[in-house]
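Just one chain follows, in the form predicted alone, and it is written as structure tokens.
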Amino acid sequence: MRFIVQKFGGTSLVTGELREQVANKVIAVKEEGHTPVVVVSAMGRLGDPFATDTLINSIRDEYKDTEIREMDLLMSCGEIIAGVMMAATLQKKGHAAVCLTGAQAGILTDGAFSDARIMKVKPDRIIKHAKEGKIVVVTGFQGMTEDGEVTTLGRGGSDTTAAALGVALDATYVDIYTDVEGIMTADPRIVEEARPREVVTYDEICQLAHEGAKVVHPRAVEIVMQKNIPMRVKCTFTDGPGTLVTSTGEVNKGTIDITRDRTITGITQIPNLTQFKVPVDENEEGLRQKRRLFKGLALAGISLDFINVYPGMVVFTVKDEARQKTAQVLENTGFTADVTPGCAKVAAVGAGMTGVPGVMASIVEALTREDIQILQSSDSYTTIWALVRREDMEKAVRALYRQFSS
């Protein structure tokens, strides 16, 4: 059997009309001679009756200290409702279908409630139903431990479910359906002329996702990359080809060489960050201070980003909501800090920038032209980051887009 795993997000399933559109896409794959396996998220978003955030709020408003194990049981309900509704839609259209929970589909996880990691997948039951001619609908975002506990996979977990099933079934493609046309060159809410990319590499989409692009979860990409399973990011509401995510080598076998045709794949942004500048000594004592600083923050469970370490200074960012806790930890460990809240990180991402001179110069030129102050910067082989003030974020994204799309 030639499997294609199709994952549909909650906004694609919230009404009967939308579920009909989804069913038509599933049936089209079947009629092309492939075996579809459908992965669904909970229907809708906060405020919709079966959305995950709605379920969370339904109990947290009254029972704020509910154990995390019980919360996972509650959160798994949204996908089960969506899965049953999707299977019923397919059955109504004359196609045999069956809904399986994550556990029934053979997804085994560790015991980290609310943020579990998939340890292995046993897809025997999926294959059995598929051989019987049934379209299998799997509830995303959830699995089960070896000792039978229901777990959820964290935000973006349905993407992870689809990727893991794609690898386990040796799928031809893993298709991630969203409400946009594919991997966009920038956030279309900020840059009107943003357009979908025809093809990107695994590394690029991982970096784009980590830097704020919310189309697909980076963990899902990392999973399919291990077995070189192509991923396609498509729009539920159109018939466009979307964006193919594959290896650089596979890309270069075709007619498009993305590593030479373009320097930048996309511009991304992450708002609501706070920058900390922490002075330290420049001598051997400074090394001990840095170790104490990072250890104290780690023990407090504070996640740092955009870290620059200099002889007499440590600079990093945290999310705005972690600002007060971070400041308290620094004070308790004997450090003072220059704190700048209300920042945002903008990033230019692209495999094609490797070894290309002048990319940073172009970024500085674009931001300077708009009188945008760069508070901090860093780079890797595929990404250059700049920290700016939150009020300058959208202007910075548009400036960088114009600079690299001309």
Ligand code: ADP
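Numbering starts at 1 and follows the sequence shown. Source: prediction; values computed, not measured.
This protein has a second form, the form predicted together with this ligand, left out of what is shown; the following refers to that one.
Judged by heavy atoms within 4.5 Å of this ligand in the predicted complex, the contact stretch among the candidates 19-27, 392-400, 6-14, 378-386 is 6-14. Contact annotation: of the candidates Val180, Leu244, Ile135, Val280, the single residue with a non-hydrogen atom within 4.5 angstroms of this ligand in the predicted complex is Val180. Contact with this ligand in the predicted complex, defined as a heavy atom within 4.5 Å, holds for exactly one of Lys93, Lys131, Arg291, Lys214, namely Lys214.
This ligand in the predicted complex is not approached by Asp115, whose heavy atoms all lie more than 4.5 angstroms from it.
Using a 4.5 angstroms limit between non-hydrogen atoms, Lys227 is distant from this ligand in the predicted complex.
With a 4.5 Å cutoff on heavy atoms, Asp187 counts as touching this ligand in the predicted complex. The closest heavy atom approach of Arg45 to this ligand in the predicted complex falls within 4.5 Å.
The partner is not shown here, and in the predicted complex the stretch 283-318 never reaches within 4.5 angstroms of this ligand through any heavy atom.
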